[in-house]
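Same chain, two versions here, written out as structure tokens and called structure 1 and structure 2.
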Structure 1
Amino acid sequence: MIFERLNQFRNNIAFIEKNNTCNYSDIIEYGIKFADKFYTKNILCLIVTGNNAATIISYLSAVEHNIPALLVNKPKKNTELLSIINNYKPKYIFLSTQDSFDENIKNITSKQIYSIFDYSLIETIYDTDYDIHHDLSILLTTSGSTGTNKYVRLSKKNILSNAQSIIQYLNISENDRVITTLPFSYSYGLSIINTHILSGASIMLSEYSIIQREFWQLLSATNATTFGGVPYTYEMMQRLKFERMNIPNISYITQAGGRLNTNLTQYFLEECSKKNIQFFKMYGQTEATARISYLEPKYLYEKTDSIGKAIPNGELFVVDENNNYLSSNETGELIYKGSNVCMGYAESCYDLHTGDENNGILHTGDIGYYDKDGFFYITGRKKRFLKVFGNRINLDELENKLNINGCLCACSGVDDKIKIYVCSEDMKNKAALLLKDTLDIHPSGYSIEIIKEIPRNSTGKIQYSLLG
């Protein structure tokens, strides 16, 4: 299905990576050989991803040939990767050939069976004593960085339907040239790959941060026409003096991964207008395979803080605590309906047999409303989640992880700023060390404050409203 579509663009350049190019015909050729190495298709493959041709080809091949795949961005520590491996017991792992020689990986390796460029497919020693549902295609992290083994279960239908909706409203074509700014194991980054691949466009594969000179040099040298980013990306671009940048080939840019504050929205609206660049704000969740809504650039002045309207073929509505539909300007939980809603969650390989538990309905956990014109707005979160630089952080999970490691604390905050409250200098130092290993985000995304005592009610529950 996918490769048949890619064959239409077989002579187009799919990837540009370190001055090397890869055509769509190469994706098909390597992808078929990759899939042929599996003695059965309904068996789990873990892909340690990077913004490179090899791992994207393996992912596309897995989706095309109905090989369930778990996408993991390379962790900082091998112990984190081994925890995921032990929990999901994949029969195959695709990772860099250099990493395959790590002693811990060699201990679970049966044999190496195929290579794409500098990546290797290895077979593991695990017995597959678990079943996998026939609709399961991809396991994707919910984008948190607290070391959880919880993944979203996505079907091929979820992936393709969301990609088609995004292609439609962004009008992506084979003439586009996108440069990567995000890991493709993150749902937003993955949607950028999916939509441009299915359109026959070219992708400039970059591992550079947008704060590095090399990123902008690559963007200019490859004549990139678009890129996407989370709120932190846009904060950095403002600091880099976006208004002074000469990027004449950029036709549009996209933003998702959390709320962009009003000031930043207005700044980019004005500067993009001067540069003749379209600026799309979007809202989504991994559970919806990426995108749920988008705001057309022409409405940015009038609806600056809105998340827009539902993507094509999707529906958004608001309900009260009893699931009754609410009218305009009434606040409740945002509910999304669409064929891109995930099958459910998995926390180990023994959850992979489960079918579709959502039936196309997603309770987003976000609180909001829609106005008289049908534009939706988010005012808060039903549960204690924050988005920090595009990563969704469960404050209860983070707090528990710190507490069980001997750091008594309370966690609060707002998007892009977690606040951890402790009661001594020793606890502050301990929290700092734990957070360095627990949160894969920049230290500017959190602060640690010393308070006299953590406020609690008569039953011992923390009163978060009394924290700063």
Structure 2
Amino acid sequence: MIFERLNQFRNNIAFIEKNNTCNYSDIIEYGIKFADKFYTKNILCLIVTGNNAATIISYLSAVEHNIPALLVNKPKKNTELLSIINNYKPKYIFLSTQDSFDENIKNITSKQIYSIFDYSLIETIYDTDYDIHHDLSILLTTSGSTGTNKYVRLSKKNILSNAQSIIQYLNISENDRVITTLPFSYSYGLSIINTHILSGASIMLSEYSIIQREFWQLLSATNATTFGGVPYTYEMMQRLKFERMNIPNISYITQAGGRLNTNLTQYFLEECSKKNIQFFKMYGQTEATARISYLEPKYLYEKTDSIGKAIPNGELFVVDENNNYLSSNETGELIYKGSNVCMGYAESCYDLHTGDENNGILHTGDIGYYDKDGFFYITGRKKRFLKVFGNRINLDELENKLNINGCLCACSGVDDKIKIYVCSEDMKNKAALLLKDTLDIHPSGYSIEIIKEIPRNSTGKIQYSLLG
């Protein structure tokens, strides 16, 4: 189904990685070889991803051949990987050959199936004592960080329909050349891969950060036409004096993964218009595969803070607490309807038998309204979560995790700055240690503060409004 489409682009370059190129015919050839190694297709395969052809081809092959796959970015420590493995008991793991030699991984390996480039497919010792729903295609982490076992269950229909909507509004064609800036196991990064692959475009694979010279050298050497970024990427680009950059081949750039503040939006609106670059502000969630809405560049000036309108084939509306539809300028929860809404969540392999629990309707947890012209705005959140450098952090989950590990605290804060309140120096040290281990986030994204007492109401609930 996907490979049939890719076959139209046989001779196009799909990937440029270091000095190697890979055509669409190579994706099909290696993809079929990968799937042939599975004794049955209905077993879970864990793919430890990197922005490289080997793992992207294995992912595409899994989707094409209905092999359910859990995607996780290569964690800093193999112990993090083990926690996911213990929880999901994948029968097969696709990982770098170097990692397959790790003692911990060797302990759960029953045999090596095959190697491609510098990656290996291994079979694990686990019994598959769990069922997998036939619609399940991909499992993606909700937070973008590896410190959680909660994954979003996506079907092939979810992936294809969201990609199709995005291709339509961004007008992606085989002439596009995108350079990667995000890990591809992150829903936004994955949507960039999906949309360009299904369009026959070329993808420059890199793990360079935009603050490295190599990134900009690669961008200009390969005549990249587009890239995407989370708010922090845009902050860094402003620091790098985007206004003085000479990037004539870039025709459009996209932003998602959290709210871009008004000042930055205005800066990029002005500088992009001078450079004749289209700037797309977008909104979405992993639960919607990736995208929910986008703002057409021509409305940026007039509707700067808007998240725009629903993507093609999707619908957005606002409801009150009793699920009644609200009219323009009335504030309530944003609800999204579309065939890209995920099947549900999983917290272990024993949740994989479940079918679609959402029926195409997503309660986003974001609070907002739409104006008289039908443009949507987000004003708050129903659930307590923050976006930290593009990753979603659930404050209640974090607080629980710390409490369970003997650190009494209250978590609060704003985007890109979590605040953890504790009551003693002792607890502060404990929190610092735990956070380093459990939170896969740069330490400048959080701070720990000692307060006299955690404010609670008469029923013992923490009064977050009285913090900070």
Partner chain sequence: MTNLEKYSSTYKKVFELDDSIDVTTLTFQGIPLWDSIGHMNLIASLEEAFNVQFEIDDIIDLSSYEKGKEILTKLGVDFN
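Keep in mind that what you see is a predicted model, and the values were worked out from it rather than measured. Between two forms, the rigid core is defined as the largest C-alpha subset superposing within 1.5 Å. Each residue is numbered by where it sits in the sequence of structure 1, with counting from 1.
- Both panels show the same chain in isolation, but it is structure 2 that comes from the form predicted together with the partner chain.
- After superposing the rigid core, the C-alpha of residue 42 moves by less than 2 Å between the two structures.
- For residue 69, a C-alpha deviation below 2 angstroms is recorded between the two structures after rigid-core alignment.
- Relative to the larger rigid part, the smaller one is rotated between the two structures by 9°, as taken from C-alpha superpositions.
- The two forms line up on their rigid core, and residue 449 then has its Cα shifted by 2.6 Å between the two structures.
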